[in-house]
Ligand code: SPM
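The chain that follows stands alone, in the form predicted on its own, written as structure tokens.
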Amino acid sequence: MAEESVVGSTDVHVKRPREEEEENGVSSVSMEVEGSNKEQQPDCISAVIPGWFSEISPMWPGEAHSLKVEKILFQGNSEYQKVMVFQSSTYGKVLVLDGVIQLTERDECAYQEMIVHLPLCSISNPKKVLVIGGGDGGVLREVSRHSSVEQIDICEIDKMVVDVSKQFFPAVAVGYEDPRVTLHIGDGVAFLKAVPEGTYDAVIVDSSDPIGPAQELFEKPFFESVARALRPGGVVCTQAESIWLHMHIIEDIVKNCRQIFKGSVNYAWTTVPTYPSGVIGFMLCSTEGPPVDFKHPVNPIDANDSQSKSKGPLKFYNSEIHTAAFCLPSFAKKVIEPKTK
């Protein structure tokens, strides 16, 4: 990582906002960062309360979740996106990509543990696992808890995300230290197309929202490539948006997966306070072959196993919450369940 790209060790204080030009009759307000020029200012720093980060996006119009910023630790532009890390007052360090929170030290467990253990605890003896995205290393950390796994491949498009995570989130990026892990920097869509048919027992797609570099990961051709890369009875788990915000997107994902995966197709969800609406979902599918019942795990993971020493104990996942994750509220059940099985 280029040393000059790190805002780094000195405190970065946020001044009071200044009003700028009005657009469509609404005045916009931006933050100034001391010791930094305008080009280095972070995106989405609160326009209302000085010193707060507000996540504003057309993906969730009319609302924004805010965190108080203690210090900006890193700002940089990769080839694909804007990357920022800041120290919050209540959720520890926060990783932001293109103005959208990817993880915080406090609640990342609710996402990382569920996106991994929902699929891997649903099949017996997984050996080969592919991770698409997940450059922060948290998914790797959780996959490596499974002693049956012999090979863990990860394809992440943005090397800056990997480097920044290793520097600022070592407890998350610890997954990279596992000798079973092989990192491939590149496009996950292209990587999957080159994978021999039936290579993996499980594919985990830890993508950001379906805009920018992650857009292709929500489209039908990508799911077809995933199905081809899985063995009979293999499983995929992919980030599948919020039931409170994106039912139209979820409905399309379910429809596509129902056409492609001839085993099981299910939707599960978890609560992550710093994600929009506080809820995020997962699409879990299996290919035709040995049946997979995602709702009843067959491969329990011991919260006190030997992996806990290096990776820390499980903080969120357990067998009860595994089954509960597939219970849907009525409004979501009405849309999703007719299209799943």
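Everything numeric here is computed off the predicted structure, so don't read it as measured data. The first residue of the sequence shown is number 1, and the count goes up from there.
There is another form of the same protein, the form predicted together with this ligand; it is not shown, and what comes next is about it.
- When this ligand is considered in the predicted bound form, Gln112 lines it closely, a heavy atom lying within 4.5 Å.
- When this ligand is considered in the predicted bound form, His246 lines it closely, a heavy atom lying within 4.5 Å.
- Heavy atoms of Trp60 reach within 4.5 Å of this ligand in the predicted bound form, making it an interface residue.
- The closest heavy atom approach of Thr199 to this ligand in the predicted bound form falls outside 4.5 Å.
- Every residue of the trio Gln102, Gln239 and Pro276 has some heavy atom no more than 4.5 Å from this ligand in the predicted bound form.
- Picking from 76 to 84, 183 to 191, 220 to 228, 104 to 112 the stretch near this ligand in the predicted bound form, with a 4.5 Å limit on heavy atoms, gives 104 to 112.
- Comment: this ligand is not present in this chain, but in the predicted bound form one of Ser264, Ser88, Thr270, Ser207 has a heavy atom within 4.5 Å of it, namely Ser207.
- With the partner omitted from this view, the residue of Ala64, Ile301, Val292, Ile280 that lies near this ligand in the predicted bound form is Ile280 [heavy atom within 4.5 Å].
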